[in-house]
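As a starting point, one isolated chain is supplied in structure tokens, in the form predicted alone.
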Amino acid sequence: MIDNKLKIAIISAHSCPVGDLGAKDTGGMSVYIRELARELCKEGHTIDIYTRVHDPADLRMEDLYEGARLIHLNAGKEATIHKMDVYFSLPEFTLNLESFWKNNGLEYDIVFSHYWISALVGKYLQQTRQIPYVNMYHTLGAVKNAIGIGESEPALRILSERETVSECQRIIVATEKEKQQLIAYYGALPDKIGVVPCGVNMGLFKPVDKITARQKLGFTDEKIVLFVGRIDPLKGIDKLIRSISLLKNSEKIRLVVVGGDENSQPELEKLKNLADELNIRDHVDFRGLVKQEKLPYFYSAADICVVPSYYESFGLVPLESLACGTPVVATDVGDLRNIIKHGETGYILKDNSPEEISRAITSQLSLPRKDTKSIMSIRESVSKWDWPNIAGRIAVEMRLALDTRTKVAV
């Protein structure tokens, strides 16, 4: 290391950090990697992000920011494939990774892998090249299976998470809750787990004049209830749709759902059919994928953002909404109890039942429309999660992993 600046290889084998947000396998993790890399480079660190080729048009190497490159490696079909197919393509991915390092004379201080699939690559590099690796799982298979909503996670994932939890140099989690889950489900050692929350780009996510935002998006004077995220049973969108049908004057309320791609069509059709059955289809607007830079218009146009999830590892969407000055109603998942000031910047729900959601929406919508001062107050409530603060803490965790490795070696 030179001047205490790190060369970091970030591994995100299954999900491309510049993929379409809201697609089946592209969500908060992609935002996290992109934003973290940008801020770490500002601190003088050097970042290479490795993912697989998802499309023949993917650039094999591109500069994301000054000091950060995105590198696509061949692994399986040059297409978006199921995560388990990515797992079976890991030998090819790892071989091409090593060839790229060798051909370009690359060495790194540390590997930061993301999700259980990439953790296996980190494990291999630690064993063969003695490069310490830090992993962030983002979600845990054992926890998802315990919830029992949506597809069951395969035993292979559970086994891989248990192995990598045991062998990686350090684990980053976004919440104290996830730390306790790692200990309970996988026997993780508490001392090797660092708790660092996710961040929000306060420069991108900021209030836009509500009238301007609504005009840009084609909204009228209706009350706007917003959902942003992947179209997945774990997100509880069906509960939200049912809650809309329970609202008084529901004909004056529009639910806007942002997210979903071609791989989400079966679940999306279920939700549309549900809206039809409840006779509210004309008041549910499915907008599909939206570019990240356009999201502040949606947050600013909305009267309220709702997060009815059964499970979130952290909760980036509420951070983004609050940074835009829009209150949030959410289930008590991830770190939302600490992010949302109950009764001030939104409400934490007891559960995601339609009745509970509708009561909170009614309470929030009954309040006077926010003025500029109150909007900025909501925004200020999440200022400590600005990415420069979070990236600094991640850099500390990287150095701690290196220090721990050095002490063990001695």
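None of these values were measured; they are calculated from a predicted model. Just count from 1 along the sequence shown to find any residue number.
Although it is not shown, the form predicted in complex with a small molecule is what the next lines describe.
Remark: residue 207 does not count among the residues lining the small molecule in the predicted complex, judged by a heavy atom distance of 4.5 Å or less. The small molecule is not shown here, but in the predicted complex it comes within 4.5 Å of a heavy atom of residue 258. Interface membership of residue 74, defined by any non-hydrogen atom within 4.5 Å of the small molecule in the predicted complex, is ruled out. At the 4.5 Å threshold, heavy atoms of residue 306 stay clear of the small molecule in the predicted complex, well away from it. The candidate stretches are 27 to 35, 344 to 352, 377 to 385, 55 to 63, and the one lying within 4.5 Å of the small molecule in the predicted complex by heavy atoms is 27 to 35.
In summary, among the residues 119, 241, 316, 323, the only one with a non-hydrogen atom within 4.5 Å of the small molecule in the predicted complex is 316.
Contact with the small molecule in the predicted complex, defined as a heavy atom within 4.5 Å, holds for exactly one of 223, 157, 214, 230, namely 230.
Taken together, the three residues 13, 39 and 114 all stay farther than 4.5 Å from the small molecule in the predicted complex, as judged by their closest heavy atom.
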